[in-house]
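Take a look at this single chain, the form predicted on its own, given in structure tokens.
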């Protein structure tokens, strides 16, 4: 009897495989002990949660050059300058993509932004190891992203616990009902609902409204993907979002400060 055909790798599988290859290179250059030593020179983590719990909308503004779905988005030679514009516009936090192959990001971008602004910073990457969490904190991140879809078994729990030990606020990202249930059971305080399916890259703008009712009211919900302007932000705020994570819409137009300001402070 022949074996069943192997399933084709998803986009997410391919991204994580590349992340692990690049991680091996960084591990060879910088040991975990070196990263731990570097923590002594990093400021205490900034807490974004009071801002996120405010009744009005908060914006997590993203430094994003490229994406697997849209390709090149913007030439960002100076991520620090962009971050200063975001901060001036009232961003509650700034997300810095550090994945290299599909997003053209780096830890150097994160360090540059950290040196430029005082607002909380999110390391946006495909984090699947404790080492990456140490990297994030050593580079000055205050938040780290954990994507439920890429963390099977108890790996999500272990990385969530370790991130909290490091003082990081964890944004736990979900895409469907089962992942939302895992995030809630984990006790995640900050839950991001991504309208983009990372396995196919398709966007369903109804995802947030479908999943938000599954999350207890004492958690903070973040809407991710498919946000083009204040009208979209208002829709998600009305559906229960306290914050929105926006990248493409901010980097593709010429006034990021004004764009962040226009999305900030919306209420039901």
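Positions refer to the first chain, counted from 1. Note that the coordinates shown come from a computational prediction; the quantities given were computed from them, not determined experimentally.
Unshown form predicted in complex with a small molecule; subsequent notes refer to it.
Figure note: of the listed segments 28 to 36, 210 to 218, 60 to 68, 233 to 241, the one touching the small molecule in the predicted complex, with heavy atoms no more than 4.5 Å away, is 60 to 68.
For the chain shown alone, residue 198 is a contact residue for the small molecule in the predicted complex, at least one non-hydrogen atom being within 4.5 angstroms. Though the partner is left out of this view, residue 86 does not reach within 4.5 Å of the small molecule in the predicted complex, counting heavy atoms only. Heavy atoms of residue 142 never reach within 4.5 Å of the small molecule in the predicted complex, leaving it off the interface. In the predicted complex, residue 256 stays away from the small molecule, with no heavy atom inside 4.5 Å.
The putative spot formed by 52, 190 and 260 is not touched by the small molecule in the predicted complex; no residue has a non-hydrogen atom within 4.5 angstroms of it.
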